[in-house]
Structure formats: structure tokens, C-alpha cells
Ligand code: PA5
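Below you'll find only one chain, the form predicted alone, shown as C-alpha cells.
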């Protein structure tokens, strides 16, 4: 299957391992999946129209961003933003910032957009380093947790709030914004009690699908991203997928079926490898979306993050000559926002590099993407090729929705729920117990017993 770039500026091509024989097997398998795919599409549409739990991401492109834009304008009055969140409450921010903001945006001259600091992993060294950079300046504290019970987020929110209060000598709740459930949870109670600013995460949207809610939008907007264009791109992709009749015309359905084909065929890993630094964290965001959504009941494929051309020098040896257990998706960019033309090589000692004279750096990166794809195909590996006309807010919004849709459909085809995360919840319960939270004593004991099994064999150096 191959798509020429249309209004969305994105093209998709699919190649199966083993040449024409592999392609016919893939096409035959997808043909057999036709009824299951049609049912999965109706499952998404029906539940999204009812705004059922887990399906709210489908309707996010239609949400009015006025409250987000208002909060973003308020945040622009600060010197710094401390954003506290983890998982879906953090990766979406990093992904949007890297894709849509200037590189090294925190180094912009003072007086422009606020500097941004993300407190995600509860590493005390990082938390203190953030505080050292913001203390003495006007800092806004943004806490993101749907439940308000996430230990990693709440512990750091409390610490930064206490440091800010000690420095100011009074309440700093006027400098706080919480993004949480509209009705329940600790953060909602906190917002009601303190009257601090708050924005809502729709109850029907899960954390890893929440990048197009205030979780991801408000700081991106505050720092200069065009979130209206982002939402428009997501809406346009949704409309395209809804109108593309049949698997052959719908790249999201084709990709979901391709993942299932290779999962069943003994390829339990999927590599996402963009050839653009702006999309490096997009691969990280995808890894959470995919891993938490489809990895259940002994099923699913493991997401692997890579970046071209860097990982040509660290991973492609394994990809081409190691075990044939991966599906590869490469993302190339046709028109890069910046280009560098190389000067003429005149030194005799550098004569062997004269082939680079007058060539463009971005063009070379594109050729490297093509070369990796060709090397993988030569080695008999399956490759999905996605090409973006450019990277901008509209295209990124379209790509976000595309992968959310692919993930939901793939989960349905696997017969699992792509919107829960029971494995994550078990780890949370153990952490609550070990930290002494009431009602989780049994979990603390169980965690200790299982951990002791790891320590039975060991060596101390």
C-alpha cells in the first residue's frame, strides 16, 4: 500500500518481509481480517459518540481551547514554569515542545516566553536542580494528575509548593495551576479549597491519550506553540480516516493490521525511527502509548525508540543482521524548516570529501533514511515508510491522532482493552504500601516478598 501526500501532507508505504511473497501473505492476512477490522472501526465510533470511558481522545479535536489559551496567557506572565507530572502527564509536553518550539528554547533572552522545567521522575537531585534554577524568580507551579493520587507527582508538587511558600513567606496557591478530573480526586479537592486555577481532564480520556487535553496544550501554548493548528491537524486526520473506505484506502487500519500480522508471525517488537530531531520525543511518547495500551494478557509488541541517523551507528547492525523479530517504521521529512548547504572542499588533505561540496545537510539525512530502509528490505525485514511534507503544528496534530487511532484499533484486533493499564496499577499499589499509605499494608508485604526473590542470588563488589 502506498499513499501520495494529500491535504495532510503525510504519505504511507508498507513493505512486507520476503519480497513479493511476503507482501502477498500480508495482503491475504489483511483481507481475512476485514470483518474484524470493520467491527473495530464501529466499536471506536459507537463508544466515542457516547463519550464512553477511554474513548474521549476521539473527540478532543472538537474541544474549545479558550480556557487553555486563557491559562497560557496567565503563565506567560511568569519567568519560569515548574510542570509536575509523569507518564502521560509529562511525555506529551516534552513531545509537543520538542516538535513545535525553537531548539534550546529555554535559552531565549529574558523577557520572552517563560523557561520550562519538568519534574517527572522523583529523583531528588533533579528536583533540587530545578529549584536552584527558579528560586528568586516568579515561578508558576503546574501540577498534572487526573486522580491527584500519583505518588511521584504529588510528592514533588508538595515539595515545590513548600519551597515556594518558604521563599515568599506566604501562600503561593495563587501561583498554582492544577490539571485534573473535573469532580473527584485530591487535586480537585485542593483546587476547591484553595481557589487556585484549575483545568479539566475529561473523565473519558486516559493519561497516555491526554496530550490534546490541557495536560499537553497549556504549557505548549504558553511557550509559543500554535495549539489551534495542532487541534485542526488532529481533526483533519480524524475526518480523513473516517471517510477512507476500506483497509486499502485507510493507512491507520492497514498499519494496525500490519502490526497484528507481524505479532502473529513472530515479530514481538516494533521500532519507530524518525529521521528528525524534532520527532525524537515523539518516539518516546509513542512508546508509552503503545506499550501501556497493547501489552496485556501475554499479547502485544514491545516498542523500541530509535533516532536516525544517530542509531544507524548504534542499532542498525542489530536490525539488519540480528534476529528477525521486529517491524520497522521510519519517518522521513520532505521539507525541513532549516537547511544547510556545505561549502566547497578545497583542502588537498580533504579531497576525498569533495563529494560533499555543495550538498545539503537535510538532503543527506533524507538519503540516510532511504538507505536504512533499503538495507532493511535487502535483509528481508518488514518496513513501514512514513513521509511528512514538513513538521508543523498541523502535521504533528495529525500524526498524534493517527497513532492514537492505530493503537486503539490494534488493541481491539488483539482482543484486549487498549485503555486500561493493570500492570501499572499493581506497581502503584506496591509503592503506596511501601510509602506507608493507609489501606495498602498488604501490598507492602507482598512487594517485599517478591523483591526478596530477586536478592536470593547476588554478588557484592
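Numbering follows the first chain given and starts at 1. In this text, all values refer to a predicted model and were calculated from it rather than measured experimentally.
FYI, the form predicted together with the ligand isn't displayed, but the following is about it.
Participant: Of the listed stretches (285-293, 189-197, 330-338, 376-384), which one has a non-hydrogen atom within 4.5 Å of the ligand in the predicted bound form?
Facilitator: Heavy-atom contact with the partner occurs in 285-293.
Participant: Please tell me which of 45, 428, 70, 63 lies within 4.5 Å of the ligand in the predicted bound form, judged by heavy atoms.
Facilitator: For this set of options, the contacting one is 428.
Participant: Between the options 258, 372, 150, 156, which residue brings a heavy atom to within 4.5 Å of the ligand in the predicted bound form?
Facilitator: Contact with the ligand in the predicted bound form is made by 150 alone.
Participant: So, in the predicted bound form, is residue 424 in contact with the ligand at a 4.5 angstroms heavy atom limit?
Facilitator: Flag for residue 424 set to yes.
Participant: State yes or no: in the predicted bound form, is some non-hydrogen atom of residue 303 no more than 4.5 angstroms from a non-hydrogen atom of the ligand?
Facilitator: Because no heavy atom of residue 303 falls inside 4.5 Å of the ligand in the predicted bound form, the answer is no.
Participant: Answer yes if any heavy atom of residue 208 is within 4.5 Å of a heavy atom of the ligand in the predicted bound form; otherwise answer no.
Facilitator: It does: once the ligand is placed as it appears in the predicted bound form, residue 208 has a heavy atom within 4.5 Å of it.
Participant: Contact with the ligand in the predicted bound form for residue 87, defined as at least one heavy atom pair within 4.5 Å: yes or no?
Facilitator: Taking the distances in the predicted bound form, the answer for residue 87 is yes, it comes within 4.5 Å of the ligand.
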